[in-house]
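Let's start with one chain on its own, the form predicted alone, as structure tokens.
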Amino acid sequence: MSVPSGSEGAGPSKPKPIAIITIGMAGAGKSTFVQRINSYLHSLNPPKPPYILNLDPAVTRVPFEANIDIRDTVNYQEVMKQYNLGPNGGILTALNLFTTKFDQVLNLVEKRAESVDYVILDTPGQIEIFTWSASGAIITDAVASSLPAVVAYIIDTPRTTAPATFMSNMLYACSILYKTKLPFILVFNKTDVQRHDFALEWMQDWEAFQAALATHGGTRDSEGEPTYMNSLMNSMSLVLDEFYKHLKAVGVSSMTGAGIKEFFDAVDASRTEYETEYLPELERARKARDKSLQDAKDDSMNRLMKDLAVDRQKNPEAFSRDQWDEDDNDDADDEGGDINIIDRSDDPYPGPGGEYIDLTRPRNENINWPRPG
């Protein structure tokens, strides 16, 4: 008699790896952040190398070794030429093409699920291309349906010191949270340049944000009255006050590595939140979607069979001559051949001896890089 999984006689199954979907505005430091958390996981004892997916087809160089790289499958420059597109259209189309093969990506990730604890997705710099496109929604839903998932929203902290910019970031974060319906972590990056304490204070104390808004230039018109933008941000801050209570926020520095441990503490805490709150909702939504699709298929099939029955009655001789040609059943190869996803997990790291290289550090330790600010 076979022993059920998880019962006596069977070892405890390893928890599924957590998928970290990094999203953020252009220049927020997503790729550098991915490199830093990759370096952190390699530095643990024992090391816990993550499984990394690069989904940015237009990037020239990434500071980490991706296990799956969209650039190995889709040529961004060729897509722009073939479809006569601009930069953003090229990125969107390349992502759409890659999504058609995402079932292969999930299969490769599942094969590595027993050996990794984290799966990291680095998304395109143009945030709207991933968050508001059909391909971005498909990738997010596919990953969240297979693995515990969390969204890491990367914020450029030095550029959010102005109340208006801070509010814009929070509104975007709110929209992404309610679109993905996944555990959400605000990652205030570049804290080595600007501490994120002011942002935490604004999130926790509504009056503190109001005071900062009142003292910021351009909030009053020539007659001393609050401007329309000032009034709008006042109203929005009241709406978002409840939104802040359900968010995790951490400050990190992708340059120095400060705050990375706290980030992973927040990620690990999100697993329970995903399993208790988000997974049941995802399953209900998937069942409702599958039922809707099945109902549509059944309705189309019923109408087709009725049409065939009517046609057979009206013209039985023509129907008898309509035979299936077996020669037409051969599957023709797609133009250009089938494209498979490449998994570079077994490729050695570049460099002498194939050892891991932290690309955020200078090769020559005597070089003093200029520091911002």
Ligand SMILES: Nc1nc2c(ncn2[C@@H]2O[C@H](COP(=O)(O)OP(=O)(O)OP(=O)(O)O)[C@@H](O)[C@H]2O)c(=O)[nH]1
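Because the structure is a prediction, the values reported are computed rather than measured. In case it trips you up, residue 1 is the first one in the sequence shown, and so on.
Unshown form predicted together with the ligand; subsequent notes refer to it.
Asks: I'd like to know whether Thr93 contacts the ligand in the predicted complex, with contact meaning heavy atoms within 4.5 angstroms.
Replies: No.
Asks: According to a 4.5 angstroms non-hydrogen atom cut-off, is Pro47 in contact with the ligand in the predicted complex?
Replies: Taking the distances in the predicted complex, the answer for Pro47 is no, it never comes within 4.5 Å of the ligand.
Asks: Consider Leu55 of the chain shown here, and say whether it contacts the ligand in the predicted complex, taking contact as heavy atoms within 4.5 Å.
Replies: No, Leu55 sits far enough from the ligand in the predicted complex that none of its heavy atoms falls within 4.5 Å.
Asks: Since only the chain is shown here, I'm wondering whether Asp192 would be in contact with the ligand in the predicted complex (any heavy atom pair within 4.5 Å).
Replies: Flag for Asp192 set to yes.
Asks: Mind telling me which stretch in 272 to 280, 249 to 257, 172 to 180, 79 to 87 gets its heavy atoms within 4.5 Å of the ligand in the predicted complex?
Replies: Heavy atoms within 4.5 Å of the ligand in the predicted complex occur in 249 to 257.
Asks: Could you run down 109 to 128 and flag each residue that has a heavy atom within 4.5 Å of the ligand in the predicted complex?
Replies: Result: Gly125 alone.
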